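Only one chain is shown below, in structure tokens, and it's the form predicted on its own.
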Amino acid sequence: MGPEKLKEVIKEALKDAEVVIAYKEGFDKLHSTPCFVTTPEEADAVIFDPRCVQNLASYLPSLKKKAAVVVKGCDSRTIVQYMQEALIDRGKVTVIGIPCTGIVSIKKVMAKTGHQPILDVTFPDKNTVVVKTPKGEQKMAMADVAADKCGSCLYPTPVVYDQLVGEPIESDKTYETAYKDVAELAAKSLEEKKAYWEKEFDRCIRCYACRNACPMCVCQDSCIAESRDPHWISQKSNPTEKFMFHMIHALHLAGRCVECGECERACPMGIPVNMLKRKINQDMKELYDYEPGVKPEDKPPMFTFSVEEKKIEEHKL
């Protein structure tokens, strides 16, 4: 997919939309930043490559304008989930989908460079990243610096779009291989799992970056983590309260997490918070045969109620 084709599609979308949400270069050559394109001239600054990591669909629920948005496969699931939960008016949103071969983890790239200033970044092919710093050029394998979520991506091609820029890409993973890491952790004993999460959450500084970056955390100022009436959890930074916050966060996303990985990308402490949500998604698949953000016609399990769920034998619990 050439960048010129994307710019052409964006300019065409501007004939109907008031704004197009896309990416442009950030403060250095490694970072991209979301941009809000309102004129054809602004479209010339748009980019799309493995640096485009943010989930731009997150802006849609609070955007009152008629908009178009650029989405990768994982991000497109957000659109579907918004549709299922009536959080957007699909008639006011034009979806520009781009088949994705993977994005980089900024943290991994920076770690490999020794946190040197970035002078340039290029992608000679889909498997290679070349980073230039004051110490010289460094060639990296994309597989070594890709975001963790790319290793379990089942939908590299957007599941919903109005315009597809590029050729569709089939996932090389099955559901079982995509959730292999979740299954391995789930197979551990209760004591081992408790020890694992206590160790991970011990690093949590309760900055709420995971919550703030999550496209499906829509409670905004009514978040239970900061509510004083009722007052469910304190602001203490102790293991109990950290655990409580993350459990509440994960359960609020039961049947809703689209696995875009924004929580993990935003976490400054490198906590694998997406693992919790993916475990719940796996349970949802087994119990309700439901995957969040995949089929617009589906109804999220938490939006329905049956006295006797097919796969939950409550009377035997």
Partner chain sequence: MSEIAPKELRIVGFLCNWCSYGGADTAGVSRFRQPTDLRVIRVPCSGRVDPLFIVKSLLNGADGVLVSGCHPRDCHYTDGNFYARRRLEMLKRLLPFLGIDEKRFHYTWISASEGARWQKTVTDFTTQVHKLGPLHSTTEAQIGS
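Residue numbers count along the first chain shown, from 1. Basically, rigid core = biggest C-alpha set you can superpose within 1.5 Å across the two forms. Bear in mind that the values here come from a model prediction, so they are computed numbers and not experimental data.
In what follows, reference is made to the form predicted in complex with the partner chain, a form of this protein that is not presented.
- Stretch 277-285 is the answer when you ask which of 28-36, 256-264, 277-285, 51-59 has residues with heavy atoms within 4.5 Å of the partner chain in the predicted bound form.
- Judged against the partner chain in the predicted bound form with a 4.5 angstroms heavy atom cut-off, the residues 182, 224 and 312 are in contact without exception.
- Interface residue remark: residue 155 is not counted as part of the site for the partner chain in the predicted bound form, having no heavy atom within 4.5 Å.
- Among residues of the shown chain, residue 66 is not one whose heavy atoms approach the partner chain to within 4.5 Å in the predicted bound form.
- The shortest heavy atom separation between residue 82 and the partner chain in the predicted bound form exceeds 4.5 Å.
- Contact check for residue 296: no non-hydrogen atom falls within 4.5 Å of the partner chain in the predicted bound form.
- Residue 194 is the only one of 139, 135, 194, 203 with a heavy atom lying within 4.5 Å of the partner chain in the predicted bound form.
- Note on the partner interface in the predicted bound form: the residue among 218, 247, 106, 87 having a heavy atom within 4.5 angstroms of the partner chain is 247.
- Taking the partner chain as it sits in the predicted bound form, the stretch 249-265 comes within 4.5 angstroms of it through a non-hydrogen atom at 251, 252, 254.
- In the core-superposed comparison between the shown form and the other one, residue 304 has its Cα shifted by less than 2 Å.
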